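Just the one chain here, laid out as structure tokens, in the form predicted on its own.
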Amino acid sequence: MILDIDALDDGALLQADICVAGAGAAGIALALQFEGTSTQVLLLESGGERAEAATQALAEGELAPGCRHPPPHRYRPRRLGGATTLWGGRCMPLDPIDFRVRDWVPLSGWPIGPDDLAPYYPAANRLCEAGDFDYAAPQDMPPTLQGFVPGSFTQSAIERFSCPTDFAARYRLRLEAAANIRIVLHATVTEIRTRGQGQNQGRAVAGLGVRSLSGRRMRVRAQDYVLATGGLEIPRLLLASRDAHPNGVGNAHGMVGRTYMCHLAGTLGAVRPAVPVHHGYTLAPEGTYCRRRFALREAAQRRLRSGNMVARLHHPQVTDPSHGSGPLSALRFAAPFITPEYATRLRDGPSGATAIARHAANIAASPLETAGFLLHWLRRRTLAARKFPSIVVRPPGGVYSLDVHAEQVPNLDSRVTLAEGLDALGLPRLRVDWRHLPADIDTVRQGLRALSADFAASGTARLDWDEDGLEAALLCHGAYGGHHIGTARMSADPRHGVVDADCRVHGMANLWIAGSAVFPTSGQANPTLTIVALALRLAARLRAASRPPASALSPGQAPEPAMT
């Protein structure tokens, strides 16, 4: 059932067994695990079914001086489906080393291991529509560089691509048809209300305060509450809820909002292959797009004392007409028609009349190739249900760039806090102070040196890159703004994090967090697949809890959570 808060009575009380705030990948995946059961699930979504400017403005905030981070509202769609309405679809699991304590990575080590998530990854892969859960390159998949010999890096790992699946569009009918699941749109959670007496003061959630932009109010009571509103919105709500917690819920040790990580990413250098190249995509038997990548091996990370990193061959910089490619120059002219999230990189580089003329000359010199590329893009990307993942262009001069994606290590000084101003619902706005450490840059530096050595040792390519300009190249667009990681980190010890190994907020009986906010470290992988896997694991924990269903409670009676 899908409702709108504005269609309910003002001040209405809604009860459920489980209340989930946030209907993105984590919230929808979790709710679907109770489909058709006796468990009553209430799913609250701040937005509607489409993008709305007034609702999106609720996510606006401020950046600390000098902070190289996109505006806080960017990449955070407030609508049914959340960030899955704009993601690129890249899926891969975390690597085993990402879970382990590494003495050269501060605050590393998860309180769970890869075996704890392994049972949930295949189902997460299916929900993301990324094909089989198999991330080793099959023998019949062409190598990126023919004859490349693994050293510090391997090219045997692959990444898979979702449609990309918009969880709202894909699962809306199932959610609407489920008699035990209610979705309430335009319902923004503005307050976590706690209760308890004596030693248990403030140790359980009694309810949520919910409001809409039209002024409608709603109350929620449930047995268990799950925050799945994203890595920036979760700490905002925890910090702003202070009825029995002066510093915010879950913030007894000041860890809420800290260790904020994204990923370091950039396109740099020049790769000159000496062997045949396959840098595009392969269709798996089930129809999923897959691609090989160069992945820094665990043994190399230990030897180099670096973070995790992957790299892919990439086309030259679109905006530099010296690439001589008609298709790439055509993309340069398409920048005004592409969303801001992806158009930024199409506006860098040479500009002015001379550059425009050279781009036009590139198109004129290869009209058939350009037309073929645009037709392919229209058929395989714009009009296709399963979209071709990205631009694949073989550069005329045979010189590629390198696209890198690297781990950012936890940093207590990289954090999100509350700003002075309030949004339209009276909730304090967010202040983002994202920072990076020299170790983050060093991960890429060490990785590029090692990859260059692997290329040379196997005689497959030469990699040229500007080591002095590396930091500037990686940070020219700031933080990789769509990955909001670590702001409510998982830890065995409450002093070092916000949630325990089951994603329950330390010291709280019935408050849980789903999403990349709980990741203790970022790894190199895009987070969506692991977000969904963790949501499925959390759903299994909630299913195993033995408490009376909400239907057994008398009207207005609040369920009693177990105190631990």
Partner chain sequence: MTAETVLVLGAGGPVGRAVLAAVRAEPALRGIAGLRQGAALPDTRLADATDARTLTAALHGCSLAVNAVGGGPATLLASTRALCEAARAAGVRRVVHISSMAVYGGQAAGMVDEAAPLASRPSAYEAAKIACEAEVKAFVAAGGQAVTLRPGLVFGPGSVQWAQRVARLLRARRLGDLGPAGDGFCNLTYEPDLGAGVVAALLSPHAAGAINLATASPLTWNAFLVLFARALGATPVRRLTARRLRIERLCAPALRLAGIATRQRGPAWLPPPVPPSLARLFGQRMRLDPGLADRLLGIVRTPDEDAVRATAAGLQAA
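Residue numbers count along the first chain shown, from 1. Every value quoted in this text rests on a predicted model; they were computed, and no experiment measured them.
One more form of this protein exists, namely the form predicted in complex with its partner chain; it is left out here, but the text below deals with it.
Could you tell me which one of G426, P367, G287, G352 places a heavy atom within 4.5 Å of its partner chain in the model of the complex? Exactly one listed residue reaches within 4.5 Å, namely G287.
From the list R211, R386, R193, R79, which entry has a heavy atom within 4.5 Å of its partner chain in the model of the complex? In short, R386.
Taking the partner as it appears in the model of the complex, which of 169 to 177, 183 to 191, 484 to 492, 395 to 403 has residues with heavy atoms within 4.5 Å of its partner chain? Partner-contacting stretch among the options: 169 to 177.
Is D132 one of the residues lying within 4.5 Å of its partner chain in the model of the complex, judged by heavy atom distances? Close contact exists here: in the model of the complex, D132 approaches its partner chain to within 4.5 Å, heavy atoms only.
Closest heavy atom of A456 to its partner chain in the model of the complex, within 4.5 Å or not? No, A456 is distant from the partner.
Can E35 be called a contact residue for its partner chain in the model of the complex at 4.5 Å between heavy atoms? Yes, E35 sits close enough to its partner chain in the model of the complex that at least one of its heavy atoms falls within 4.5 Å.
Is C163 one of the residues lying within 4.5 Å of its partner chain in the model of the complex, judged by heavy atom distances? The answer is yes: C163 has a heavy atom within 4.5 Å of its partner chain.
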